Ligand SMILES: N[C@@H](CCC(=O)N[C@@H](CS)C(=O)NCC(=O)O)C(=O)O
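Next up: just one chain, as structure tokens, the form predicted on its own.
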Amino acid sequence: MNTSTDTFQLYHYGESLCSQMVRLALEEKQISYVSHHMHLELTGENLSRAFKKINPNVVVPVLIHNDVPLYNSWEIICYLDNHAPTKGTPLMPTSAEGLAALDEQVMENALRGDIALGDNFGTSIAGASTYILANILKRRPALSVMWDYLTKHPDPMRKFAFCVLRLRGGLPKPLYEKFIRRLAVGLADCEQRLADGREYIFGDYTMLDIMMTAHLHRIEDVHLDGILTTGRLPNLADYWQRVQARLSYKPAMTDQHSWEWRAAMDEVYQGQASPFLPLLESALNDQLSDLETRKAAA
């Protein structure tokens, strides 16, 4: 690996949720880095022998510093905050109570490999993207995709999932509906947390806001962002405007868009709202009503 002790190198993909989070952290901490922007589904570049030497698990992001690769996005963000504690934005809560709350929120909101798709907010965000991923995969011959994933990918579940996406054009509709209903739970929870007028999830901006920025950006990508204009999530809608206005957002997010992802979005949604938006609105109304009932009974 061509690394330097004075240089951070980031292997990433423009639309990867975890890559977006790490780029936001780098911008917030004002740390420069050498960018290695990869293409995943379109070319299978992450399955190459060269990249397997960098990350045998063939996923992004990978941050390399002092010849040491870091693979987990949450660990990378913690590393950056510890590496430059007085530079840029502090990303960790400062109290024991805040740290405990952060751990709880990470379990609910993170895209974790040990949590099944649709079992928390983060994995449901990823699941909601599968029509876009399938569209990108369809730009390659089916045999090429299946050969790459079946023979080169180390994760049995991902082998199966990506082959299914290529052959079916998406996941089964009931599973996608599960993602949508779980998104409603997460959105309602965020709305409730912001209801006391706080600016960010914990008051001050933290790494959890980095995660939520990537998630809300993805909700926009999958054309479910109409949920923020219904008036049912006024606090979250204002929060979304605030995080987009931060100086980190443009260089970490919109400047890093990948053409194939944008092209797939256009083809899948054709400028229209997601057909699952009504389901999300209905599920959200149920969640908010339940929260209001419990609050009144308390």
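Predicted, not measured: the structure shown is a model, and the values here were computed from it. From 1 onward, residues are counted along the sequence shown.
Not pictured, yet referred to below: the form predicted together with the named molecule.
- Only one listed stretch (91-99, 135-143, 68-76, 180-188) carries heavy atoms within 4.5 Å of the named molecule in the model of the complex, and that stretch is 68-76.
- Of the heavy atoms in residue 60, some are within 4.5 Å of the named molecule in the model of the complex.
- Remark: residue 40 counts among the residues lining the named molecule in the model of the complex, judged by a heavy atom distance of 4.5 Å or less.
- Within 4.5 Å of some heavy atom of the named molecule in the model of the complex lies at least one heavy atom of residue 153.
- The named molecule in the model of the complex is approached by residue 111, whose closest heavy atom lies within 4.5 angstroms of it.
- 162 is the sole member of 121, 131, 162, 205 with a non-hydrogen atom within 4.5 Å of the named molecule in the model of the complex.
- With contact defined as any non-hydrogen atom lying within 4.5 angstroms of the named molecule in the model of the complex, the contacting residues in 137-158 are 149, 153, 158, given in sequence order.
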